[in-house]
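What follows is one chain in C-alpha cells, specifically the form predicted on its own.
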C-alpha cells in the first residue's frame, strides 16, 4: 500500500448563512441571495480541490465542544436533522454522512500515544454539530466521500491559548502520521471564522447585504495581518502570533482548528490561496486552501 498524504488543508468557515443562501435541497429555509463573495470563494476552492482526488475529509469543528479530551466520530453512518440553536430560521438541515471510522480510530490512537486524552464517540443517535456539517457541505456538497469528525477540546477555556496550541499541534502531528499510514488522500478542514465578535440583532431580511459589514475596524486589521502571513507563506508567523490574534480579535481560532491543520501540514512555508474574505453578522471569514507544492504540480 502506498503512503497516504494530506493533499490540502483548508480554512473552511461555517456560518450557516452560507448554506441558507445556497438553497440546497437538504435545508428547509429558502433565501433570495446573500454573502456571495464567500459562497463564490467556496466555489473557487471546490474547483481547486476537485483535481486532488481526495478519499476523505478530516474536519475539526469549534461547535463540537468537549471538555475532557478530544473525541472522534466513531459510527459509520449518521442520518438526522441539524438545527442551528441561534439561527433556526436559517438552518434546518437534513444530513446523511459516512464516517471513515478506521482512520478516526487511527488518529485517536496516535494522539493518545502523544499524551493527549482521546475517546471515540460510539453513540449512533449523536447529532453531528452544524460546524462540521456546514464546512463539509460548502467544501463537498455532493457528500460523496466519508469524513472524520474531530471535537474541539476546550483547553483555551480551561487553561490558555498557549496550552490549546501545544495540544492542537500534537493532534496535528498525530493526524498526519495516521493519514500517511492509512494510504489515503485526505483534505483537512479547519472549521472556523477569524475575528468573531458579531452582531446581536438580525435584520428583518437576513440576506439583506446592506446590513452586512465587519464588526469593527480593529478586527479587520487583525484579519488582514493574519491573511498577509497566509499569502506570503509565513506559516510559523501565524503560529507565533496565534495567542495574541485569538485574544485581540475574539477569534474562533480559540478552538484550535487552524493550529491543528497547520501543524498537520508541517506548518507550511508556502503561500495559502485566499479564495475569499467576507463578513457574516460582523465576523471575519476567509476561505483558504494550502496545497503542498508536490500536489499542486501533479493536479
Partner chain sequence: MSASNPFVKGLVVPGIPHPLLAPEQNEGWQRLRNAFEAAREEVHSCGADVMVIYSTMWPSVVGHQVQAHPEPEWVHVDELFHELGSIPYRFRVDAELAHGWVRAAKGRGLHARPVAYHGFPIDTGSVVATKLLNPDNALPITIGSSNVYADRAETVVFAKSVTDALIAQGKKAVAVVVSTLSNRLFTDWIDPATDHVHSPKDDEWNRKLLEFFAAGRLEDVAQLSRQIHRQIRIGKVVNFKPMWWMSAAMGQHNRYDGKVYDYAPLYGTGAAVLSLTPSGEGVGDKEFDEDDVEFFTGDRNVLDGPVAQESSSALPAPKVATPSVAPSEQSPASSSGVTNTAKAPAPVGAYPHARRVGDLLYLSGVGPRQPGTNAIPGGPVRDADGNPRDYDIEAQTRAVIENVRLILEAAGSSLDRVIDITSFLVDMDRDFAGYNAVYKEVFEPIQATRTTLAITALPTPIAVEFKVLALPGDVPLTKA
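Residue numbers count along the first chain shown, from 1. Predicted model, so just to flag it, every value in this text is computed and none were measured.
There is another form of the same protein, the form predicted in complex with its partner chain; it is not shown, and what comes next is about it.
Select from the listed residues 139, 193, 118, 165 the one whose heavy atoms reach within 4.5 Å of its partner chain in the predicted complex.
Selected residue: 118.
Heavy atom within 4.5 Å of its partner chain in the predicted complex - the one residue of 109, 83, 181, 75 that qualifies:
Only one listed residue qualifies here, and that residue is 83.
Although the partner isn't part of this model, could you tell me whether residue 101 comes within 4.5 Å of its partner chain in the predicted complex, counting any heavy atom of the residue?
It does not: once its partner chain is placed as it appears in the predicted complex, residue 101 has no heavy atom within 4.5 Å of it.
Heavy atoms within 4.5 Å of its partner chain in the predicted complex: does residue 199 have any?
Yes, residue 199 lies within 4.5 Å of its partner chain in the predicted complex.
Does its partner chain get within 4.5 angstroms of any non-hydrogen atom of residue 87 in the predicted complex?
Yes, contact at 4.5 Å.
Is there any non-hydrogen atom of residue 63 lying within 4.5 Å of its partner chain in the predicted complex?
Contact check for residue 63: yes, within 4.5 Å of its partner chain in the predicted complex.
In terms of non-hydrogen atoms within 4.5 angstroms, which of the given stretches 184-192, 87-95, 171-179, 131-139 touches its partner chain in the predicted complex?
Within 4.5 Å of the partner lies stretch 87-95.
Heavy atom distance at most 4.5 Å to its partner chain in the predicted complex, all of 216, 219 and 222
Yes, because 216, 219 and 222 each have a heavy atom that approaches its partner chain to within 4.5 Å in the predicted complex.
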